[in-house]
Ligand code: AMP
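Quick heads-up: it's one chain on its own, the form predicted alone, in structure tokens.
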């Protein structure tokens, strides 16, 4: 188990637990330095910070911004950000609009395909940041699917009626918004994207050139050979390494906070920046 986890989600985006409850769960897993990285929002950070102090843990303020690279959607984690910084606020507002517009298109596509898109949308639209995961949960609530996984298999996954692409800002603008907010940009779960090995190397190199700092090497649910591949990718691009479970739901054991592979000693851990802050807080 790792005492560091820099990729976690609360119910302020598509996670299950409220920020304070997530922090309590993270602390119970032995994690002492963590980041709340909700999709395209920083709304849970204040609650998480209060809970972190109560549990003797250290919060790295973060988020996970949606971005586009050569026509593909991907995610960039921002760590150590100032949530009030104007460039970051604008970036979040852009993505909030894009998510709401996409939710409306998903609704319409599901209706045309014979699923209760409008009924699901009534549930989903109550959330400030609607995602396909919210649609999946709504379809379960409506009795259309047995579980969210089935909802993605039938209605929302790649190539299905509800697989609607959003118009995300490009990778360069995304990295710039994070850096302008005083943060460091981390390319999230690089092996999840449908890319060839050559394209992945190009992405990592371009990310570095645009001002990116690190790449997620140890991610929840990945196999050892994938960690090795990500390690080589980070070293080749000259990127530091991050580690995060990408936990959304405590019921999913393969994404349990802190259940992460140990990094190679050849890598520079991105969290070294905040370890001193945790040590100081622990002895305060």
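From a predicted model like this one, the values you see are computed outputs, not experimental measurements. Positions refer to the first chain, counted from 1.
Just so it is clear, the following notes concern the form predicted in complex with the ligand, a form of the same protein that is not shown.
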query: Segment that reaches the ligand in the predicted complex - one of 127-135, 210-218, 173-181, 83-91, heavy atoms within 4.5 Å; finding: 127-135
query: Distance check, residue 99 to the ligand in the predicted complex, heavy atom within 4.5 Å; finding: yes
query: In the predicted complex, residue 259 touching the ligand (heavy atom, 4.5 Å); finding: no
query: Partner contact for residue 152 in the predicted complex: the ligand, 4.5 angstroms, heavy atom; finding: yes
query: Touches the ligand in the predicted complex: residue 32 (any heavy atom, 4.5 Å); finding: no
query: Position in contact with the ligand when the complex is considered in the predicted complex, options 95, 109, 75, 160, heavy atoms within 4.5 Å; finding: 75
query: Contact set, 244-272 vs the ligand in the predicted complex - heavy atom within 4.5 angstroms; finding: 248
